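We begin with a single chain expressed as structure tokens, specifically the form predicted alone.
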């Protein structure tokens, strides 16, 4: 990709970040966009570990949470007038604290890789999470700590009291963090992280220390996770031990994996999907975590390279101009698959609600009526059969779109 094309992509990315609030002008939308901004930086930082360095971590929330706690303490210092600086620097303070923690923990954890590293990260995560309930003076115990982002010097008259103002601040930091994380992948350390991930013995053979390469990636990941924690502190103005526990570490793993670990944009896609499910789907169903788990299992089984990988699968087809040939097969398979999914969701919801009538896709479903169950099961069975019958046609269309032309056609 030429320099002009790369620059145009980054400019487009910045423009999208800046105009999104204008496209979705509501309090709920701004809140969701702020959560997406935090999730994007957090997921990209995790991708530096697992996607690029091959280090499976179950305790990445440590650097996110420690950065967030330090950021809130910085807000408290500004509020008490023991320090005087703009809150524009709060994410940087969170990043610095995340980096310090990563340097200390990485000094011994990166000596190993694979399962040993994963278990060390899990142990460190549980240790820090437990410590947050012990060292109350810093972590605030179960209640956590809170600050006020409106104190300190104004930025061109802006006190950042509104969520929209915080979003624009977050958008700038998201852009900066994304650029620097991408540039890291282009450095010798970033390139060697991929080599160490794929074949550490060979990297050692050509003169690179696998441990040192992992340590550098680990520290960079902790830095950007701390920046995400600082953005979290600015958005919510408080933080609790929940930001340090295994649930948060598991959430960022889902973001990165569902989006696609093998691609730089994968964690961005995963952060958007998971934030939408957390913010919107949770308002409509108490079983949204069940659907999230099912989606993760299906992603592992059928889309091992994530949603970004599925999109990039079509790059060759698009370059050959054969993308149009897949539209009809996708519709023939996708429509009954969507009907089957909707019917299954209806069955799950009826099993959960038992006797309560609920509205679903413009219909009133009564779980106590036998006819409702019969019709729903029939729709699910019929659509599943139609989907299975159409998969072969879709497979043939895919093979045809990706095959090289015969010599007679050249």
Partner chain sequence: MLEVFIFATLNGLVTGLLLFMLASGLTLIFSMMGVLNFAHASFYMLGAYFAYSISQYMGFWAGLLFAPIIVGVLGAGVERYGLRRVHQLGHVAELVFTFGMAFLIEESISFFWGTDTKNYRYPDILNFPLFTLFGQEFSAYRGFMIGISIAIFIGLYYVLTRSRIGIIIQAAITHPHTVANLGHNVPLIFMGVFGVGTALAGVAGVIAGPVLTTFPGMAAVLGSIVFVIVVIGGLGSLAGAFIAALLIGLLQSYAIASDVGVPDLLNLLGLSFERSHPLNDLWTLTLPQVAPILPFLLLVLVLIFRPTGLLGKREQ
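Keep in mind it's a predicted model, so treat the numbers as computed, not measured. Numbering follows the first chain given and starts at 1.
Keep in mind that the form predicted together with the partner chain is not shown, yet the notes after this line are about it.
Visitor: Is residue 254 near the partner chain? Define near as a heavy atom within 4.5 Å, in the predicted bound form.
Guide: Residue 254: yes, in contact with the partner chain in the predicted bound form.
Visitor: Find out whether any non-hydrogen atom of residue 113 is located within 4.5 angstroms of the partner chain in the predicted bound form, and reply yes or no.
Guide: Residue 113 belongs to the contact set for the partner chain.
Visitor: Does the partner chain get within 4.5 angstroms of any non-hydrogen atom of residue 136 in the predicted bound form?
Guide: Contact check for residue 136: yes, within 4.5 Å of the partner chain in the predicted bound form.
Visitor: Even though the partner isn't displayed, in the predicted bound form is residue 296 close enough to the partner chain, meaning a heavy atom within 4.5 Å?
Guide: The answer is yes: residue 296 has a heavy atom within 4.5 Å of the partner chain.
Visitor: With the partner left out here, if you bring back the partner chain in the predicted bound form, are 21, 28 and 241 all within 4.5 Å of it by some heavy atom?
Guide: Not a single residue of the candidate spot has a heavy atom within 4.5 Å of the partner chain in the predicted bound form.
Visitor: Within 4.5 Å, heavy atoms only, which of 172, 292, 323, 103 is in contact with the partner chain in the predicted bound form?
Guide: Partner contact (heavy atom, 4.5 Å) among the options: 292.
Visitor: Ok, 277, 164, 312, 119: which has a heavy atom sitting within 4.5 Å of the partner chain in the predicted bound form?
Guide: Of the listed residues, the single hit is 119.
Visitor: So which stretch, 361 to 369, 37 to 45, 381 to 389, 55 to 63, is the one near the partner chain in the predicted bound form (non-hydrogen atoms, 4.5 Å)?
Guide: Among the listed stretches, the partner-contacting one is 55 to 63.
Visitor: Going through 319 to 352, which residues have a heavy atom within 4.5 Å of the partner chain in the predicted bound form? Please give them in sequence order.
Guide: Read in sequence order, the residues that approach the partner chain (within 4.5 Å, in the predicted bound form) are 348, 351, 352.
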